[in-house]
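A single chain, nothing else alongside it, follows as structure tokens in the form predicted on its own.
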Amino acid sequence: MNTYFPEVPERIPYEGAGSDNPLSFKYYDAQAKVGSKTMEQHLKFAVAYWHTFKGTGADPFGGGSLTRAWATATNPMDAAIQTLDANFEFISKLGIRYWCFHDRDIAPEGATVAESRDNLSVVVEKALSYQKATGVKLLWGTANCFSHARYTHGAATNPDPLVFAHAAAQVRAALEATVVLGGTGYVFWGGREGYSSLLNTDMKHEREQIAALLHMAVAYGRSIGFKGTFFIEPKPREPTTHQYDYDAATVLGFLREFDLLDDFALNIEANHATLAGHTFHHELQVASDAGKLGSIDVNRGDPTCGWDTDQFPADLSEAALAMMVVLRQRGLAHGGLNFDAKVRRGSFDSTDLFLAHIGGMDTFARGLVVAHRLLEDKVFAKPMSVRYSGYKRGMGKRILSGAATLTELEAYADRDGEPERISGRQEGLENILNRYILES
């Protein structure tokens, strides 16, 4: 394995909050216990191959600004192997246990479907050897069915069945790669599964096409031994005006409509929540309430920008609220916390990749500790229980059981008169959250 990060120690150490060493963890102590599990068990961090090793620093207004030592080979397959070398060196030094990839991240597309499959097989075999040598595992795989020009009008939603077939071929090969590498999840992100105008779009037809591909993928995945969870990652607006996977509620409705709920869960991304006009906490809660929060992309967006900025997480409040949802549902069985995030255009040193991940891991480590204390102390559970206590007895209980009628409720309202107004105490609860963040 080549050394692409000679300036970084063999392992990033935990040195505590008092350390001024930028290449050390201040709050993430992998083996420290939080409740009954270690931080490493709670926080199944994964490195995102596409941003960390294939990112160029490009944005909507300019091309790449990053120079990477592993991207210098002129032969595409040589470059793919070099990039794989860098990936496993990076993960090993960082002490992360998982990684994620798109098929076209790790292996170049060939001139034919068969050549593309062969390229992927070569890289997967090499990746498997690295996994065995390092102990690093694959969290999930996916297929990039959005970058190639053939997918201009969508992949599974494309009006041309031949384009649909190309997408299906990619999904098949990516599923096989995921199984070989032991991934416990497989993600669908409909990068161009949407439309810009209904003047040339049969929306009902296109949604049925997506459902058809998902059913095929489930059947094939199970037939080759994939026992994990299929994930859908909601994302609104970008790049198409109307994405069919707009937000968590939209995706859950789609899965119910097309009888896919049993095999699928959601992979929620913070930045996509921003683009949908929601908070990260909201999207996580919607998915969790449905029993379908399976995995998380931990990043953040800039609400003043109209695109997917994918910044590394740094908001302690957001991390604490996210981890409260995860802890309440007792973790993420087949998913984890994937750093679908990229360094800023001006952060072009390779060391910046470590600094970004260290900061993100410390943020969620701190958020985990805060969330655990809040749940242990029942800080929000107690006032929440009081607030809805009226539905545990009398007429409230009859309402939830379905026994109450409109006539009965009208009589109840007429008899008991105007209800007493009770404060929601929002500001007070926000103050408590801040106090726990500052004191934990």
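Small disclaimer: the values here were computed from a predicted structure and weren't measured. Start at 1 and count along the sequence shown; that's the residue number.
The same protein has a further form, the form predicted together with a small molecule, not shown here; the description that follows concerns it.
A.B. asks: State yes or no: in the predicted complex, is some non-hydrogen atom of Phe280 no more than 4.5 angstroms from a non-hydrogen atom of the small molecule?
C.D. replies: Output for Phe280 is no: heavy atoms all beyond 4.5 Å of the small molecule.
A.B. asks: Since only the chain is shown here, I'm wondering whether Phe380 would be in contact with the small molecule in the predicted complex (any heavy atom pair within 4.5 Å).
C.D. replies: Contact check for Phe380: no, nothing within 4.5 Å of the small molecule in the predicted complex.
A.B. asks: Would Tyr391 count as a contact of the small molecule in the predicted complex, using a 4.5 angstroms cut-off between non-hydrogen atoms?
C.D. replies: Output for Tyr391 is no: heavy atoms all beyond 4.5 Å of the small molecule.
A.B. asks: Quick check on Trp140: any heavy atom within 4.5 Å of the small molecule in the predicted complex?
C.D. replies: Judged by the heavy-atom cut-off of 4.5 Å, Trp140 is in contact with the small molecule in the predicted complex.
A.B. asks: Consider the chain as shown here, without its partner, and state which of Tyr130, Phe354, Tyr244, Trp189 has a heavy atom within 4.5 Å of the small molecule in the predicted complex.
C.D. replies: Only one listed residue qualifies here, and that residue is Trp189.
A.B. asks: Between Lys292, Arg366, His102, His166, only one gets a heavy atom within 4.5 angstroms of the small molecule in the predicted complex; which residue is that?
C.D. replies: Selected residue: His102.
A.B. asks: Choose from 141 to 149, 175 to 183, 355 to 363, 253 to 261 the stretch whose residues reach within 4.5 Å of the small molecule in the predicted complex, heavy atoms counted.
C.D. replies: Result for this chain: 141 to 149.
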